[in-house]
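The chain below stands alone and is given as structure tokens, in the form predicted on its own.
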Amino acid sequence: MTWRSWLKIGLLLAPGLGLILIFIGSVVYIAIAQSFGYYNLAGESGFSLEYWAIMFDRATYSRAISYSLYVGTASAFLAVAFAYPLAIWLRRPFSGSLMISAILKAPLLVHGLVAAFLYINIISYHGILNQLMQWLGIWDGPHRLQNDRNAVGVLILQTWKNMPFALLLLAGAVQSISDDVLDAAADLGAGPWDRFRRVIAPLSVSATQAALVIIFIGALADFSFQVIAGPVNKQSLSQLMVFFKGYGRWNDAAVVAVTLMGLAIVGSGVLAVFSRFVMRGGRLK
């Protein structure tokens, strides 16, 4: 392509893409600059590493990083792990497959905040689950299940909410694989596991990468599930950022925001490389 062709493409994309880049770029720039002391809303503005140095000394900051990475990574892998067998099962249409597929994708229509409140109502101290377990005679009395220390409730909500999205991506990739390819592998003696490992997984690696990365970024920075169903002894980075903002400490909040952006970029790259390496049998190409 000549430079004139590239110029025409640029002029066509400029009205839409240009505005998006300007708005996103300005927000990212202000967050980074504010984390280094600029755009200070209270006091003098100027370059300073003070906010980063103080933040690195906070134990709550390091705990929030590890906790957010745990939730983001575990949620991404759990959602994909549940979606993969369902995508393979629904690959060939059968009686009722459309209805099953629609039911599985229903969580996409439920807002995360609503889902969190419904979940809490089910597992609360006097909720449906506790009443059921006592009625069955399994428990002598109600158990405290909400806001558990290991964030099991958050992982359940993240998996339930994100699994349909992963299913959409993986179902399209799996359905695009020709039956002739799978039949040829079966004729050569490949069992179900070998067909998945040597045929389906390598041919659907791009969809897997997309699902892992998008779910990871969303779960890493999620706020609603953390506030309602998360552990009371841990804070995610999003909660920490809102905490600082609530007290007017915008520079500290900007440090946490930049940390979130950095973790999202680095974590996405690691997940993409790792998933390609694993699903292609130890080969990156």
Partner chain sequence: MDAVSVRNLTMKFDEFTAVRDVSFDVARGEFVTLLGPSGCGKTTLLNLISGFLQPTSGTIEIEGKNVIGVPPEQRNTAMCFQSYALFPHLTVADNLQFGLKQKKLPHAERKARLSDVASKIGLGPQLAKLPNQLSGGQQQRVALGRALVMRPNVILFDEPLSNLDAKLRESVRLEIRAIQREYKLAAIYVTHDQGEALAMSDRILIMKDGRIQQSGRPDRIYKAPESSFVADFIGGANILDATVIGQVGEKNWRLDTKMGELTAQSDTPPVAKELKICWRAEKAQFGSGDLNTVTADIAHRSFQGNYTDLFFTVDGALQRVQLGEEAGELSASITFHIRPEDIIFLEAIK
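Model, not experiment: these values are computed from the prediction. Residue numbers count along the first chain shown, from 1.
Although it is not shown, the form predicted in complex with the partner chain is what the next lines describe.
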### Message
Although the partner isn't part of this model, could you tell me whether Asp140 comes within 4.5 Å of the partner chain in the predicted bound form, counting any heavy atom of the residue?
### Response
no
### Task
With heavy atoms only and a cut-off of 4.5 Å, decide whether Asp148 touches the partner chain in the predicted bound form.
no
#### Entry: Residue contact check: Leu136 to the partner chain in the predicted bound form, 4.5 Å heavy atom
no
### Task
Considering only heavy atoms, tell me if Leu203 and the partner chain come within 4.5 Å of each other in the predicted bound form.
yes
### Summary
Restricting to 175-204, the residues within 4.5 Å of the partner chain in the predicted bound form through any heavy atom are Asp180, Val181, Asp183, Ala184, Ala185, Ala186, Asp187, Leu188, Gly189, Ala190, Gly191, Pro192, Asp194, Arg195, Arg198, Val199, Pro202, Leu203
